[in-house]
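Heads up, the chain shows up twice below as structure tokens, two forms, tagged structure 1 and structure 2.
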Structure 1
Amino acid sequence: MKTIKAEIITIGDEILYGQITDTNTQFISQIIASIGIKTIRKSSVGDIENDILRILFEASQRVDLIILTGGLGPTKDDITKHTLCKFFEDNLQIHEPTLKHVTSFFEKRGREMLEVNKQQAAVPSKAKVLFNDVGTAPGLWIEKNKIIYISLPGVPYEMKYLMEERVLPQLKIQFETPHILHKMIHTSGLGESFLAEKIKDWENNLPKHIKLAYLPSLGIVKLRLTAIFENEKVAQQDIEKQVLALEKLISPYIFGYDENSKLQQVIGQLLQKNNQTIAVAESCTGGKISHLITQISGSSNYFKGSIVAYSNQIKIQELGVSESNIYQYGAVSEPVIVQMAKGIRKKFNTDFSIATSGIAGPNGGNSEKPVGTVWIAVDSEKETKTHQFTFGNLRENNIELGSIYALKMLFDVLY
């Protein structure tokens, strides 16, 4: 079966000059990938007719589906519609249902309707209108030489609405799209290159219809398996078989599988399942671990709270760290994080606790304890696990990595 290729084009100076973050193209490529349409290029151009005409021509040489967003607004720098008319040798005409919609839209809000607003109902005569219930700019669907051109407003929620309600159903009808199956494997504790080394042979022996992608971020590497298939059941089995083989190689580093499983989500599910609770004592991570845990809706069911003990005084006063330990070993030491972990767990009366103490930098390091040195402890009734990490020189990354590895240590204890 032929793969349907798509190109996504955003139109607008504000994206080109970096004044706003473009989230539209990510959404569009994800949603069309879900029906097996492959985005082969994304582009952004400014509100300039020649640039838009040029990229439309280029894209029409490459793909079966072109999705444009932006430039459909009422202001004078919104030139997409006129440019489409030029490209298709077409002209604008008022689309009555849309005009009705726009008119009532303004009436409802008791706002006067200007000529520019009326013009929102003007569309290229050859275009099929994608009715926009949530805004005033309609989407457009134009076909020429077997290529589908779709033009959508740039306002994210309007674009999403039209993609989900108008575009996707129509695309499913139009194209006989291949079936695609994704499986995400979330890992932590091993860098991308070490992971790649460990699974090299497995990767090289993957069947042709299964592809592997590495998606690394700080402290985390996601592995994405993608299967293109005729028969879903078979593909499911093929992927499961590969995942089993993969687990044999790197199971200690795997902490989750589905699309959006974050460490803090998986941990939350485990704690909740066992009716267990947690508290955190943070020094160098400064509240980041608590923030990650409480990102998860429902975390109040297992997270009682934290103490961010940034000063030694607070470590001593609130967590029962002994002054002599700080004096003898320093605040960034195993004896101190053990006291921090035990102290917070006792004080907040929880099943588990995490403690961190380190040198986030850029200052405060020395030859014996360089910037990036982070001690982490995970405490429970049963045991106290500790580990010393040495990260890099960037404060932001040391905080992030300390937090993620602390959660991974907790996961290993819970799992």
Structure 2
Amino acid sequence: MKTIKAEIITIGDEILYGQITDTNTQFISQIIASIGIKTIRKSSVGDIENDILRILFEASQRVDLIILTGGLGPTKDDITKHTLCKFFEDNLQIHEPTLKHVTSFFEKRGREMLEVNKQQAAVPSKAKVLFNDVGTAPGLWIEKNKIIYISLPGVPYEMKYLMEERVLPQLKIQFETPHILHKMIHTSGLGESFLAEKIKDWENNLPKHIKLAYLPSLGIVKLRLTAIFENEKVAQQDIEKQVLALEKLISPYIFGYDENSKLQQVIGQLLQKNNQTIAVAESCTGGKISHLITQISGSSNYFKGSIVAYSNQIKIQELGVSESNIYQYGAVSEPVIVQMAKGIRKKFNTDFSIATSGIAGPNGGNSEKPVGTVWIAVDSEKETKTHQFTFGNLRENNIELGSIYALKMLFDVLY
């Protein structure tokens, strides 16, 4: 079976200048990989016609599928459609269903539609229109010399809609691709290199049709198992067998599986299942833990609230930390963090609590407590768990790592 190769091209000066973050290529490569299409190159090009023409020609020499995003808007710097016409020796024509949609779009919002907006409905005559229900710029599908060219809006939510609702179903019909099965294992508490060392024998003995990928981020390493198969049932059984073997090696570090398994989401599910509640007292993490918890819909069922006790005075007044402990041990210490955790749990009357105190940096450290020193406590009626971490010199990383490891400590207690 032939491997279908794809190239993704983003168009726009704003991407090259770093004024916006390109999330489109990540999404597109992930969604086409789910149906067995391999992205072999990602490129970015500015709003310059000759550069776009050159990259289209180069891509056409190496891939079966080219997906472009950006440059389909109504302003003068949006030149993708005109450039496609030049590339395919074509001309623009008004697509009446799209014009009707654009007109309705403006009427419903009580806005005047200008002539430039009407040009959203102008498309290359050789293109098949991918109707855009969530915006005004339609997607375009053009075929030439057995290569498929797809042009999509750069607005992420419009691009995602068109990929999911218009492009992917058609690609499944167009190409015969291998079946691919993914299994994601989410871990925390062990760095990528240490994790790799711990599972190296297991990894070296994986069947040839199952591949492992490491996907590291701050405080978390995802392990992705990918099976390319002809028989889905057999592939599923093979992957499950490998996951069971992996769990025997690293079960203390695993907190979830597959795509929708954020650490705060898994914790929320455990708390809600047991009808339990949580409160948070944060110093060095500055509200980050509370932010992560409340990202999850329904978190009000188990998250009661938090106090960002950044100053020692607030630690004393609001959380009941003793002034003598701060004086004797310092705010970044086990005695203080324990009192913070117990104080917030009592104040909010919850089953569990988290407390953090540390030196986020880049200033404030010393030889005894360098920048990156973070104390974390998890408290319950049954026990208080504490741990001192030493991260690095980067403030944002220390806040992120402190928050993730605090949630991981809570998960270990709950699980």
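Here, rigid core means the biggest group of C-alpha atoms that superpose within 1.5 Å across both forms. Bear in mind the structure is a predicted one, so any value in this text is a computation, not a measurement. Throughout, residue numbering runs from 1 along the sequence of structure 1.
Comparing the two isolated copies of the chain, the second one is the form predicted on its own. The chain divides into two rigid parts for the movement between structures 1 and 2; residue 96 belongs to the part that also contains residue 39.
Of the two rigid parts of this chain, the smaller turns against the larger by 11 degrees between structures 1 and 2, per C-alpha superposition. With the core fitted, the CA of residue 110 sits 8.4 Å away from its counterpart between structures 1 and 2. On a core-based overlay, residue 56 has a Cα shift of 3.5 Å between structures 1 and 2.
Relative displacement of the residue 47 Cα between structures 1 and 2 on rigid core alignment is 4.0 Å.
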